[in-house]
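One chain comes next, on its own, written out as structure tokens in the form predicted on its own.
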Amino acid sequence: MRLVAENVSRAFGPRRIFGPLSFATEPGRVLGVAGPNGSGKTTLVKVLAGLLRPSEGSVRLEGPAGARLSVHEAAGAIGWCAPDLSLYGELTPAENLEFFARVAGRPRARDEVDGRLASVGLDPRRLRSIRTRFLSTGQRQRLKLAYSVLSDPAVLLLDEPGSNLDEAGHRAVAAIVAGQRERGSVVLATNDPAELALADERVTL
């Protein structure tokens, strides 16, 4: 499945944030999005995720047979991790993932949820009774990463995925990107040189 952006731009009032831009993701490849602070990286990722409408142009998903779907029609095919992704502070990490999986119509067994937490360096047993609001910023970022791949998406959108992470956390990001190559594509918005080095090609804002 490919995520295709055609002549996409976004403006807030008279101020154009970026664009027009045209590009497409390809299975097995990572598209990096780079640019200085305020250049519109986060806004572009939100447009690709269907959270914001583009001011001009269009974003769509294309299936293997060329079938065209809007990002809203195929929301389950897109995974998203970003600094402003909200988690439920009163739920435990496992309960957060279980809740989001049920809402998406893809319930997960507890052992699978525990495996997802372990894959990003969170100890499911240690965190069994700890509410998410008591986690450190780095632990919450790891939980966001686990959430982003919960539905095994065809396209994974990562906005500053290494934010607040230690060295082991950055390795977890690299492992997620490598795993996503096996099932789909990645859009990686970041100014971290090590993360940009994971990209096969770049869009610069």
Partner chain sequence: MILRAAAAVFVKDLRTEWRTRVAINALLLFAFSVLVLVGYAVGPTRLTLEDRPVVNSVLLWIVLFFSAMTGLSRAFVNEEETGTAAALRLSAPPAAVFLGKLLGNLALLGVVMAVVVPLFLALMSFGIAAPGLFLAVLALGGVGIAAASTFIAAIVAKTAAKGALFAVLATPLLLPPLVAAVTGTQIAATQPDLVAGLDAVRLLFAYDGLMVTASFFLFDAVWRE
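Everything quoted here is computed from the prediction, not taken from an experiment. Numbering follows the first chain given and starts at 1.
Heads up, the form predicted together with its partner chain isn't pictured, but that's what we're talking about next.
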property	result
Per-stretch contact check against its partner chain in the predicted complex, the hit in 135 to 143, 36 to 44, 52 to 60, 176 to 184 (non-hydrogen atom, 4.5 angstroms)	52 to 60
Proximity of residue 95 to its partner chain in the predicted complex, heavy atoms at 4.5 Å	yes
Partner contact for residue 104 in the predicted complex: its partner chain, 4.5 angstroms, heavy atom	yes
Exercise: residue 85 in contact with its partner chain in the predicted complex, heavy atom 4.5 Å	yes
Its partner chain contact in the predicted complex: residue 111, any heavy atom under 4.5 Å	no
In the predicted complex: members of 124 to 160 within 4.5 Å of its partner chain, any heavy atom	131, 147
